[in-house]
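What follows is a single chain, given as structure tokens, in the form predicted alone.
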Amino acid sequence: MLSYLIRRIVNAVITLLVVTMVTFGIFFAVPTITGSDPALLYIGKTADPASLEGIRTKLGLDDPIPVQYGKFLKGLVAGRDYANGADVTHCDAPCLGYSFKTEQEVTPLLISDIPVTLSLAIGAAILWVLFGVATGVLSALKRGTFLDRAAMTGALAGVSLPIYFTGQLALLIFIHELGWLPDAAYTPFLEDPAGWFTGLILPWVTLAFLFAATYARLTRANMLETLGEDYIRTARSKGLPERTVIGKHGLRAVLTPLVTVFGLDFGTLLAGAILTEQVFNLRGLGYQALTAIRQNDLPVILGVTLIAAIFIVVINLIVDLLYSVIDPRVRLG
């Protein structure tokens, strides 16, 4: 187990280095190739030549791309000083630079957005796993019945309807027309647990409806296949209760592909639920990424990409470790 963890951690570090290298190259080399000046994005198009030169010197934009990348990596580990003569600005590690638009440090800016996206992702994930798996198991056990057809029709609708449509519809019905819920908003959990829950319940349900549909269909298909296996018939022939047959023997075999899909979905969602945050005006990583793209704010885009890569790599590592717990036949090699 220890050697496996060490190998995976080394692979994760290499993956993150490649991600930073590619992203840095795209967002910093391409503007240079196309002739645009990142210093103009930082200081504005009306700046005089002396100010532009000062910004280039301070941000290190005149250095070759490999040198800039090396300074970026150093800033992540040990912090970085942005200097132009006597004008020195220190950025603490992990330093992701300064926003071209707000001139704020990118790291604190993104850290303040993480709790929003984390709350949205965790709440929605709990709902879609519970309802998706339960619906899929029930449909498999009631195959061919009205309940099965109704559940799969609902799942098909959930997969087909885009989040911006269901989100706007939910806002119209439950907030503006019926007034059952307050406006969607993020409140820190420790500050007001009730406000945190009521402000996120509608985004949770809307996002869970989309993902639960996929999990219901996947669970049903795998459960039907598993129920036809010899070991399930053997368990039933031994007189085991149906609850034990389904829960201990059937569902456990179904969980392995579900965990794989969950790792990808949850990791991607932690990287930023762009459409959901935009529809419900939640200022998370997805909202921040979309705003940065619109404003061509390169350091923020780079920071969001790096955080997204970290989330996905960590979640995939956890999923690999869970395989051996869920299915004893799986051994970590």
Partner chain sequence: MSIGPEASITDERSAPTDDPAAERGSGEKAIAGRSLKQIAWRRLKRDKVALAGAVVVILLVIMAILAPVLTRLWGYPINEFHGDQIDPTIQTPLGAYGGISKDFLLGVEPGSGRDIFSRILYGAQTTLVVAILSALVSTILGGLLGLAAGYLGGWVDSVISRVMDFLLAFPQLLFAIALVSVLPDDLFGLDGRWSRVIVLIGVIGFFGWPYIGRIVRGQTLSLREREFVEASKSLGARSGRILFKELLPNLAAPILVYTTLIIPTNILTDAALSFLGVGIPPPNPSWGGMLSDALTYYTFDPMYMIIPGSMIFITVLAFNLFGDGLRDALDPKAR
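Quick caveat, the model's predicted, so the values are computed rather than measured. Residue numbers count along the first chain shown, from 1.
Missing here is the form predicted in complex with its partner chain; even so, the following discussion is about that form.
When its partner chain is considered in the model of the complex, residue 67 lies well away from it, no heavy atom lying within 4.5 Å. Using a 4.5 angstroms limit between non-hydrogen atoms, residue 278 touches its partner chain in the model of the complex. Among residues of the shown chain, residue 271 is one whose heavy atoms approach its partner chain to within 4.5 Å in the model of the complex.
In the model of the complex, no heavy atom of residue 57 sits within 4.5 Å of its partner chain. Taken together, the three residues 2, 74 and 112 all stay farther than 4.5 Å from its partner chain in the model of the complex, as judged by their closest heavy atom. Stretch 170-178 is the contacting one of 187-195, 124-132, 103-111, 170-178, since its residues have non-hydrogen atoms within 4.5 Å of its partner chain in the model of the complex. The partner is not shown here, but in the model of the complex the stretch 2-20 reaches within 4.5 angstroms of its partner chain through a heavy atom at 11, 15, 18, 19.
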